[in-house]
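Presented below, as structure tokens, is a lone chain in the form predicted on its own.
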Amino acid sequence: MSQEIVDTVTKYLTPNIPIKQISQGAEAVVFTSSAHPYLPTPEHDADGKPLQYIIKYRPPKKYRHPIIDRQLTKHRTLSEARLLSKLFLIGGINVPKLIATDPYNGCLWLEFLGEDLPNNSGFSNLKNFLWANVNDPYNDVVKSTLIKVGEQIGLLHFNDFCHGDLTSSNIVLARDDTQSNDWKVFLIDFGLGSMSKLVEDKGVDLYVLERAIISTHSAFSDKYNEWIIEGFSNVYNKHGKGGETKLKEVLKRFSDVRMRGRKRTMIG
């Protein structure tokens, strides 16, 4: 199936645009490319290396009727593009820049974020970053980064947006200076994202991330999740009594969602 998708994307983009597949999920396949959709020649960074871009492609689902499939693909691609465009304009929220979109072919062209971690620790998403620090799990860089993660989620929720699939793989870290340990946090992959004022949706977002941290870093998850909630709370607490009231509502619903999740786990 993967080669079939690569061939389809290559034909759609034309062979003049180089692509490299980096991941495949249930809804989309993600490629990198050094080609810009509008510029005739590749852009380069300060070191002279070609800049990379993300191409996110939603392949057709053969189990769906072709007309329904095309409608869903168009709707979901447009929804994600619009959501990213709105989030990019909100001060303080870090998301990839949307460069181009083709809803009819289920394609998004996005800014590439992140880098390879030292010592072959993988790409700089949150999950790999925490594994890279497993020998010193509570150091100051880990703490400050997780607080920033919480702040990004807090800004997202305070502005009444929800991610919908908030795992540690959908949080990417980047830094301007390769010698610096100061990481900037970005939220990516808003394929299931939405505008929502419902505390239930926000509680579910927090619960999904908590479970992701527990499943991959169980030995340190209590402290990690505590730091994330600290950053999350900081955003709401900056808005006075109104923010504090909203925070209590979200954290109360988060606790309720967590309790329901535990009951499901026990019952099976």
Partner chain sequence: MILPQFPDYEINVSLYENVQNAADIQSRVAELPYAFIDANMICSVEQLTAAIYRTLMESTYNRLRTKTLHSEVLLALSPTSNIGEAFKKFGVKSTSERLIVVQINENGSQKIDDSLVQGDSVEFKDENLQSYCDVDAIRKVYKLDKSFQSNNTSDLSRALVDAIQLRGL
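Residue numbers count along the first chain shown, from 1. Owing to the predicted nature of the structure, the values given are computational and were not obtained by experimental measurement.
Not on display, but discussed next: the form predicted together with the partner chain.
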Practice prompt. Within 4.5 Å of the partner chain in the predicted bound form, counting heavy atoms only, one of 114-122, 79-87, 128-136, 146-154 shows up; tell me which.
Written response: 79-87
Item to complete: Check each of Val172, Val142, Cys162, Val95 and return the one that places a heavy atom within 4.5 angstroms of the partner chain in the predicted bound form.
Response: Val95
Fill in: Contact flag, Pro40 vs the partner chain in the predicted bound form, heavy atom cut 4.5 Å
yes
Worksheet item: Might Trp109 be said to contact the partner chain in the predicted bound form, defining contact as any heavy atom within 4.5 Å?
Response: yes
Worksheet item: Does Leu251 make contact with the partner chain in the predicted bound form, using a 4.5 Å heavy atom cut-off?
Response: no
Worksheet item: So in the predicted bound form, does any heavy atom of Val185 sit within 4.5 Å of the partner chain?
Response: no
